[in-house]
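Consider the single chain below, provided in structure tokens and representing the form predicted alone.
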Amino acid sequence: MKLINSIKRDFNTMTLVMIPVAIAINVVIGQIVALLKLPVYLDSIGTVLVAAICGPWAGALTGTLSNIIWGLLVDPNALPWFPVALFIGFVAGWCAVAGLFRTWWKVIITGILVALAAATVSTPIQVYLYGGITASGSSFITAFLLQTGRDLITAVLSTNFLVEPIDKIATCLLAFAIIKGLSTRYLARFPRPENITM
């Protein structure tokens, strides 16, 4: 019963309005970054935004739907990464519940924790579905590490633990900046405004 109540708490009308906006943010920014072959992703800003103000379950759903919709409508390469997006939303949401979304330096801690989750979940996908090399710019680092004699799993893990913290800290700080730009009155309409207020 406690689990069901926790899930229900994340979803109100504002959450249902915000999720499609967040998905659009994720897909548009993620697609731009992928086309530019940048060594970061920045495709979870919307997910972290929803997770912070609506909760972990809403964040997990946003991340999952983002990658599924992105994969089905725009870029099929985005589809297999939905478990990573799910964990990004879930971990960011629980960090926000724990008060790690109230100041910029706590948001950096959130970014590090989200990065650890993302790197752990993404490594098996990258190794077993893509042979370690994906369409992202970070694959240049993996290719370099493979050329220096590292085995595939070590090269992918090393790349993920190098790139993910930079990406997820930036992602969390961008989501935090968006939240700080919203009025307190507007934020109060979301399920978990206490996550981002002192």
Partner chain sequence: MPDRLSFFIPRESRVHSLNPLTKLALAFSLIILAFFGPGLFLPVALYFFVLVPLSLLGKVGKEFLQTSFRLLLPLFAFLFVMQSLFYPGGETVIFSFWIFSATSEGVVFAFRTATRILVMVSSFLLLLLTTHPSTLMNDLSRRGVPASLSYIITSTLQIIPQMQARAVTIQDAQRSRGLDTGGNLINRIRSLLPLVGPLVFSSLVDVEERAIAIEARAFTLPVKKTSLIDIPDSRGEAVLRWVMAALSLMTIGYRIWLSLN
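C-alpha atoms forming the largest set that superposes within 1.5 Å between two forms make up the rigid core. Since this is a predicted model, take the numbers as computed values, not measurements. Residue numbers count along the first chain shown, from 1.
Below, we refer to the form predicted in complex with the partner chain, which is not included among the displayed structures.
Of the heavy atoms in I69, some are within 4.5 Å of the partner chain in the predicted bound form. When contacts are judged by a 4.5 Å heavy atom cut-off, P165 does not count as touching the partner chain in the predicted bound form. The shortest heavy atom separation between V33 and the partner chain in the predicted bound form is within 4.5 Å. In the predicted bound form, no heavy atom of A117 sits within 4.5 Å of the partner chain. The candidate spot formed by I7, V84 and I108 is out of contact with the partner chain in the predicted bound form: none of the three has a heavy atom within 4.5 Å.
Looking at 20-35, the residues that come within 4.5 Å of the partner chain in the predicted bound form, counting any heavy atom, are P20, V21, I23, A24, I25, V27, V28, I29, Q31, I32, V33, L35. Superposition on the rigid core between the shown form and the other one places the CA atom of I45 less than 2 Å from its counterpart.
Between K37 and P83, the Cα distance is greater in the predicted bound form than in this structure, by no less than 3 angstroms.
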